[in-house]
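Here we start with a single chain on its own, the form predicted on its own, put down as structure tokens.
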Amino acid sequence: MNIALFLQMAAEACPDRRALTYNGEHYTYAALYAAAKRAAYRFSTANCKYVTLIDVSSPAVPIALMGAAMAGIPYVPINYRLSEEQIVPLLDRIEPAYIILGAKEATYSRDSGVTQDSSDFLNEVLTGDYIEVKWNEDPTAVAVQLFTSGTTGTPKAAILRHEHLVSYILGSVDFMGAEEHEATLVSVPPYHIAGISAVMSSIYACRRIVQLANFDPAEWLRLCAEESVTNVFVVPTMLTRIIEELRFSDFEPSDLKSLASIAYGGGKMPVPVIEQALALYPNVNFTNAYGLTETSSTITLLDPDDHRTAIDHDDAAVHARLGSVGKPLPSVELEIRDDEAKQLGPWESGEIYVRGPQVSGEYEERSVLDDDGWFPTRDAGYLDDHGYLYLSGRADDVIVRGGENLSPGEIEDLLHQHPAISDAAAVGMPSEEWGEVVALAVVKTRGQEITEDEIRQHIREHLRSSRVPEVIHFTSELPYNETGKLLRRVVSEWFRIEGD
């Protein structure tokens, strides 16, 4: 089964139902389906091996995703927030590609493939003659390829085949399960697995998609009210900012009369934040969804009944479930294992392993599944006596800030280039607002001086602002073991002590 079948089914079942709203414009399922077929024709005749989009959310996202699937070409959205120096090497890995660029993006001239402005792309595929397209039904073909940062700082290309994405959607969404009035606000980036799954889930449920190009809490609240949004997905930092906006603006929680469901994930949600949200919207269904790119999105859920049971429960253990990510989906198996891959019991912390038909566990030219199909997530956690999963950290060193993975190595490599810095270590420090923020330990070059403000400015000039550290600690040396490996846990402990 090809993921494009989701759009075909929706277009045949409810052709005149609104499928998408963007900047006040509405598009029906029939129009979206026709546009995807025109896009597929363009992709197929361009002799490209990939379709990539480097832009904010717009109608180009579902059209390119489904058009690529029809054309039998992997869809590879790229983080538009990356610098040109970071994007070019990624494009080098997917040549020749049909590149769809946002208006603010660079030209990225290539010797092969096609480069087109997203507005021109939309103008061409949303109008024109009727085109019929036949697509490959091979479930093992690659549908989506997502670049995800690892501990080394070199992006890995996670491979998601049609069979993985189809398994996730069929196992978690009912076809035409949404009423005609329902609408979901998509404010997560289009290059994130959450953005991909939100598009596919909404299409299969025949739920209208309302797109917000760039998240802003005031605009998010306005759009929810104006478009009578019923369903939303947010990362923890988004929910924190929305609550703050409600506290300090004239907007009232009651203004969101249509809101029925809030799903959240992408990072660890601080319990005080979800408690405030539940108090503000006691009649809204809250769901905590935990998943990874390599698992085609969600693998565990803390459902609305769990939230309602936990929030006012006298039993501290039950109330603590607000800090969990719930239980595995019916089609997903989950185990906690120690360093020797031995399965652990309840309350024992280790690495999270998962297995199921939606689990890819595959990267470009290699799979990390074991012989029995288990995927090591590199996330650490534990299960309680009732099977609820709690995340206790990460098995690797990636810093998760507001649902975004930050590479310590990327920050350290930059600092090592500065003449006044001889060594540096970046670690994650807990934050109620962001989940984690960057904390930095720095060793100055002997005989030279550099201030905290100068370090922050140096990082801000070369990397994204999310990499700028909240706290900087100057030290005479960093801790290493006898083999020369940096002891990050020791460095992290420094900031915990300072925080106390």
Partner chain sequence: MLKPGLRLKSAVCDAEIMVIKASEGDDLTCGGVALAEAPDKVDGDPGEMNGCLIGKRYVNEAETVEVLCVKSGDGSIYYNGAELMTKDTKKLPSSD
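Treat the numbers as computed from the prediction; the structure is a model and nothing was measured. Numbering follows the first chain given and starts at 1.
There is another form of this protein, the form predicted in complex with the partner chain, and it is not shown here; the text below is about that form.
For the chain shown alone, Y168 is a contact residue for the partner chain in the model of the complex, at least one non-hydrogen atom being within 4.5 angstroms.
By the criterion of a heavy atom within 4.5 Å, T287 is counted among the residues contacting the partner chain in the model of the complex. Contact check for M9: a non-hydrogen atom falls within 4.5 Å of the partner chain in the model of the complex. Within 4.5 Å of some heavy atom of the partner chain in the model of the complex lies at least one heavy atom of F175. Not one of Y80, Q211 and S324 comes within 4.5 Å of the partner chain in the model of the complex, counting any heavy atom. This chain lacks the partner; the member of P139, P430, G102, P189 within 4.5 angstroms of the partner chain in the model of the complex by a non-hydrogen atom is P139. With the partner removed from view, the residue among W135, Y382, F215, Y363 that has a non-hydrogen atom within 4.5 Å of the partner chain in the model of the complex turns out to be W135. Heavy atoms within 4.5 Å of the partner chain in the model of the complex are found in exactly one of 289 to 297, 215 to 223, 93 to 101, 248 to 256, that being 289 to 297.
Along 297 to 324, these residues reach a heavy atom to within 4.5 Å of the partner chain in the model of the complex: S297, T298, L301, D303, P304.
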